[in-house]
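Starting off, we have a lone chain in the form predicted on its own, written out as structure tokens.
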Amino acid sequence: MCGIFGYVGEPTEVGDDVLAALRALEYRGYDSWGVAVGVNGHIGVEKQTGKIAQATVDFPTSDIGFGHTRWATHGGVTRPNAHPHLDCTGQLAVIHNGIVENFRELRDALIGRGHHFRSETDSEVIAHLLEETLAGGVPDLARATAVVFDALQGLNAVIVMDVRSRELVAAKTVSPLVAGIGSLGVAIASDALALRGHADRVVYLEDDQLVRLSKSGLTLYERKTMREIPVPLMALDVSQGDTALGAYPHFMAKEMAEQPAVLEHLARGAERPIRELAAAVRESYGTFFVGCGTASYAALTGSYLYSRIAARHVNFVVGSEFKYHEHFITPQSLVVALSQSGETVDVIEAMLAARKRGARLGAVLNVARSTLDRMVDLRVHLDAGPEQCVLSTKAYTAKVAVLLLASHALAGTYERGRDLVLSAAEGLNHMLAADWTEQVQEVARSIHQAEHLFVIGRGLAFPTALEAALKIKESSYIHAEGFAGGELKHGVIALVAPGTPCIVYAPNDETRADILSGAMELKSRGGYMIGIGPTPDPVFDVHLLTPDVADAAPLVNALPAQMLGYHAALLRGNDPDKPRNLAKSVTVK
């Protein structure tokens, strides 16, 4: 989940360049950050806790440097625990994304052999192991890194700097790394976004590879044998506009506003891959949708859509739970992963397990050439553009739109699905107008001091209720829970006290009468009722109007909760783009 970046090449203000690259990666972790630069025969290091924001560093011009923005796993959020970490000689430095699962035994052995540790992290063992390996006669940093990397248990990405040889060496397992070549030198990062301005051609590392970066360029090796292999470079496709905030106050506001255009693009331009996904579902004997967090609620929504539109059963499994269901997988199965980043470790592990059992693999994802994209047999790219906000908004609605369209493709009514998505896009444009957003802001003002909030939905609106609660708690830190409306009497209603905000999804479908009955039960216990749907009802204390778009309702019903969470976050003094304890790309278990 951490962000890492390194550069070797012509002398530049490399400390400033590394810090700027880390800002592009800060969505991956923002507990602390650090920069290391090769200076006058030693490694200069600057570390700080907290977000990067307007931070500066003071290093002389150099030809080599790297940096790290951290999401803490081992050790508290302190300057000593921030990366980079040095060996005892001060000539080697390491930055790391992942968890070294056997770090305790490695650390204890290193301490027993006289090594001095400066941090509580698992990552520091890598620097000391490299020091020992090189001192023990391994002839170069690349081979030493290969030896040490093989001693690490877990899913890791490691970049090593040697100030003496002026080189960086990197290896990875599952955690992503992409290296590139530019006009001034070579660079490497955990996300291609950070390579903008440093590279125009890139290579995405595979798990069995190791890369060496020096002034002479990139050298790629097969890690087990250290045999040099060709570097399959491709063009870097990241524009400045993709990640620019523009006139918006936050990336969350920008990405919410981009949803209509994303949906329209999918409806008009993604028919071929969506039909291929539908055909794969038709041909399979057992289809599984897999996702984590927000993507899991999109997947659950898909299971309802396939049932009601195409009369087809698909199984939904949370990514981290898939390994407990994999016994059902056969060579006739289709496993489709949903992911914004294409790097979520629980999803990647689920797909690896499915591959071992011979299943066909598919993906609905936003980041082309990501780990997930490169491992599946078929994919639908969302083409939603980068999500810089940690909270997913436009990628969520894009995934649901793909599943809606694929359901209609399977049913032979693709044009109907396309019209629904276009109607939802038009409806979202109306909802983003000033009068509607001002009403949401007023509701946010009325609830932002609440300790608890509950959301109910039935049928197709049930997964929407779960996603709404997640979005509100992620952004505002209000304790929010989503429930199936029919579960109220089975214990949930005990949580409702006078004044408790309760959001009720009430679409114009077969669930409306039942969900309004549940809303009345909540109101009779003192709940403050916030209705979301096309039609008002006396049970609502306040009603947020959404357009009636039939089975595309999850697309328009996502926005009210996104906006409520956003505005409640601002009222509570939170940063909606970087919520506490969270990171965008979950690459550790």
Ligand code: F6R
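For clarity, every value in this text was computed on a predicted model and none was experimentally measured. When you see a residue number, it is the position in the sequence shown, counting from 1. Between two forms, the rigid core is the largest collection of C-alphas that superpose within 1.5 Å.
Not pictured, yet referred to below: the form predicted together with the ligand.
Taken together, the three residues Leu263, Thr464 and Asp551 all stay farther than 4.5 Å from the ligand in the model of the complex, as judged by their closest heavy atom. Remark: Ala93 does not count among the residues lining the ligand in the model of the complex, judged by a heavy atom distance of 4.5 Å or less. Taking the partner from the other structure, the ligand in the model of the complex has no heavy atom within 4.5 Å of any heavy atom of Gly98. Among heavy atoms of Glu474, some come within 4.5 Å of the ligand in the model of the complex. Leu391 belongs to the set of residues with a heavy atom inside 4.5 Å of the ligand in the model of the complex. Just one listed stretch, out of 436-444, 333-341, 510-518, 349-357, contacts the ligand in the model of the complex at the 4.5 Å heavy atom level, and that stretch is 333-341. Of the residues given (Lys399, His128, His83, His198), Lys399 alone sits with a heavy atom within 4.5 Å of the ligand in the model of the complex.
For the options Leu205, Leu361, Cys292, Leu134, the one in contact with the ligand in the model of the complex, meaning a heavy atom within 4.5 Å, is Cys292. After superposition on the rigid core, the Cα atom of Trp33 is displaced by less than 2 Å between this form and the one not shown.
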